[in-house]
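Take a look at this single chain, the form predicted on its own, given in structure tokens.
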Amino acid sequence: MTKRTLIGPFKQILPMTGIKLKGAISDHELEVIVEGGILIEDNHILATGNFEDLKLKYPEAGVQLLKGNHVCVPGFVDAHTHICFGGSRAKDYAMRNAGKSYLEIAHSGGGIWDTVTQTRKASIEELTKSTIKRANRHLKNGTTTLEVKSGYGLTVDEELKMLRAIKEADKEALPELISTCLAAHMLPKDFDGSETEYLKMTSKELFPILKEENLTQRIDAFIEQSAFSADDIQAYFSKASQMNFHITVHADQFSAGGSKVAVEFNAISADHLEASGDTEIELLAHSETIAVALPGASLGLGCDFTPARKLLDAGAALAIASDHNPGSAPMGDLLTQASILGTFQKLTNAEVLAGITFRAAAALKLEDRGKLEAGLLADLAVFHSDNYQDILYNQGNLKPCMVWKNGELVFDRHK
């Protein structure tokens, strides 16, 4: 039986509708519905508009009455995380802030390989449980959809363990989890062969199982001097394309080159881009690839931010994600990071909010969320405020008081 629920009244609703996918956005382009309501039918939005008008038009709907001032925005979409992992890298963070280099940290037993070692030791049950815990923490901060990568297994069996854990976690986690295979994270220290040989083996042995078990539709790779070169990755991405995987790329984090590969392979997104120059910015702006800024990595490593302002002004589509991982981006607070990026890159409220809602959804090829309009999923983040500007003004300190996922109230800070 169809269930209809009218939620409101909201002092303001930001539906994020009528805004283009690419390029700069003025705050004047934001539609604001005042004294609004959202009518939910099962797990989708049936209508938005004036609360009293909706109550008269749909008298059969149950009403969830809100007292006080509330602002509603679409549930946030975090399009790049690594929250499935074992262990901790707190020692790395302390050493980095004490002036140690990446190589010095790696030689002391830290770095990505440390997380690989600890993740391999963890059982699938342990990884599932910790992934659920981290995902639910994100939901309490307003994130209703969360991408989660593998990449700390680096053998066929261990990558499968991670992706199976992510799939199991998705059954219980409050946000929806979108898995990505990042077996091409780095050349494993214990692999007896070259980068090309590792990638050939992985694509041959791992890809068919990913399809067979429906573990992911997405293939990622880290293109960097310390990982895989643009030449190394060609055959790997070609195989992924032939098997109809969606491609995404860790690109231009420390050196340029990855974004060019992303555009060549029509990747859904190119993520990081801290080292992108004018050539890479123009390339991305004239492509359909979404540029994904990861301010959490910049804060964790103490390096430059993604040139978000230049990307937007050039006409690129810009999403913002947390990169939540145990090494370079341990904070894992999307709203705080997006607010800080906005301050340093001079982004409008509209650009930041678009970057963590519908533009982020586009970076995951999801067209059913990221906006509050009829037919889309009823994913809502609600804040105690009478002015939507307070959300970014408080730089992450103003947390959602309520979160709806698929039409269900899954978090209520009052309880």
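Heads up: residue numbers just count along the shown sequence, starting at 1. Treat the numbers as computed from the prediction; the structure is a model and nothing was measured.
A second form of this protein, the form predicted in complex with a small molecule, is not displayed here; the remarks below concern that form.
Engineer: Can you say which of 169 to 177, 77 to 85, 134 to 142, 192 to 200 gets within 4.5 Å of the small molecule in the predicted bound form, counting heavy atoms only?
Structural biologist: Only one stretch passes the 4.5 Å heavy-atom test: 77 to 85.
Engineer: Indicate whether G327 is a 4.5 Å heavy atom neighbour of the small molecule in the predicted bound form.
Structural biologist: Contact with the small molecule, yes.
Engineer: Heavy atom to heavy atom, is L299 within 4.5 Å of the small molecule in the predicted bound form?
Structural biologist: No, L299 is distant from the partner.
Engineer: Does any part of F222 reach within 4.5 Å of the small molecule in the predicted bound form? Heavy atoms only, please.
Structural biologist: The answer is yes: F222 has a heavy atom within 4.5 Å of the small molecule.
Engineer: Tell me, yes or no, whether R218 is in contact with the small molecule in the predicted bound form, where a contact means a heavy atom of each within 4.5 Å.
Structural biologist: R218: no, not in contact with the small molecule in the predicted bound form.
Engineer: Between Q337, Q253, S259, T289, only one gets a heavy atom within 4.5 angstroms of the small molecule in the predicted bound form; which residue is that?
Structural biologist: In short, Q253.
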